[in-house]
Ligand SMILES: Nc1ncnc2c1ncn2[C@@H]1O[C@H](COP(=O)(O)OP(=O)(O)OP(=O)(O)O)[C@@H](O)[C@H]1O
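Let's start with one chain on its own, the form predicted on its own, as structure tokens.
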């Protein structure tokens, strides 16, 4: 799976190098957590390498997002706009069902295969446009599927409630997304506490810890990833491969398949597991009787 840099400082090591290309990431957080800043950083990272960016705004208008970017110290966004690398789709105030079903497919048809970056900020109005959960799932699923045909997608989602990701507005996007990042933000004595946690990341090794982060003018989100140190040793997979090669009780095709699977794993993947138990389980699966 090809990786692309997220643009969020300190996040890439937590995602084994960055976002998977042509995947969908949902960033969830309450007001003030830095969701729009995160989306803008993601877009800017691609723009810095000459990659086109599409910012789909479902809430704030284009002028407001540009103004916030300039206030953050990212006035170069005006240059990207002038050069045509950055495109805004202002869907605020529209009927979202019609926009997603009728307007979005035509746009995707023009941009299909462009390998661009798409930010959708936020998904919340789409969920609020209907109370029917089946229709919500259908709309969000269709939107993510269509935008992924254009490139790599990052969506933001407003969080309401206690911050445990159990609210009805979070369940469907979390289920449909490839990667989910939770930005926890709460007031505390002497300031605020900000923590970033990766809830899931399909086809990617990722940190399971909560990491402090800050928002700094000119830089955006900066994540403290020092607590996450992965040792990519391969002692356990090597032990398993050696035992299986010695015993050779598996059918040839299965043997090759298991060996290939083990080549992509490290000791980190086997924590809490013992090599001998894994060997026994594999042998038992293909034993006769």
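Numbering follows the first chain given and starts at 1. Values in this document were obtained by computation on a predicted structure and should not be read as measured data.
Omitted from view is the form predicted together with the named molecule, to which the following refers.
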Using a 4.5 Å heavy atom cut-off, which residue among 79, 71, 110, 132 comes into contact with the named molecule in the predicted bound form? 71
Determine which one of 173-181, 80-88, 212-220, 95-103 lies within 4.5 Å of the named molecule in the predicted bound form, judging by heavy atom distances; exactly one does. 212-220
All of 10, 12 and 206 within 4.5 Å of the named molecule in the predicted bound form, heavy atom check: no
Residue 33 near the named molecule in the predicted bound form, any heavy atom under 4.5 Å? yes
Answer yes if any heavy atom of residue 37 is within 4.5 Å of a heavy atom of the named molecule in the predicted bound form; otherwise answer no. yes
Partner contacts for 178-206, taking the named molecule in the predicted bound form and a 4.5 Å heavy atom cut-off: 194
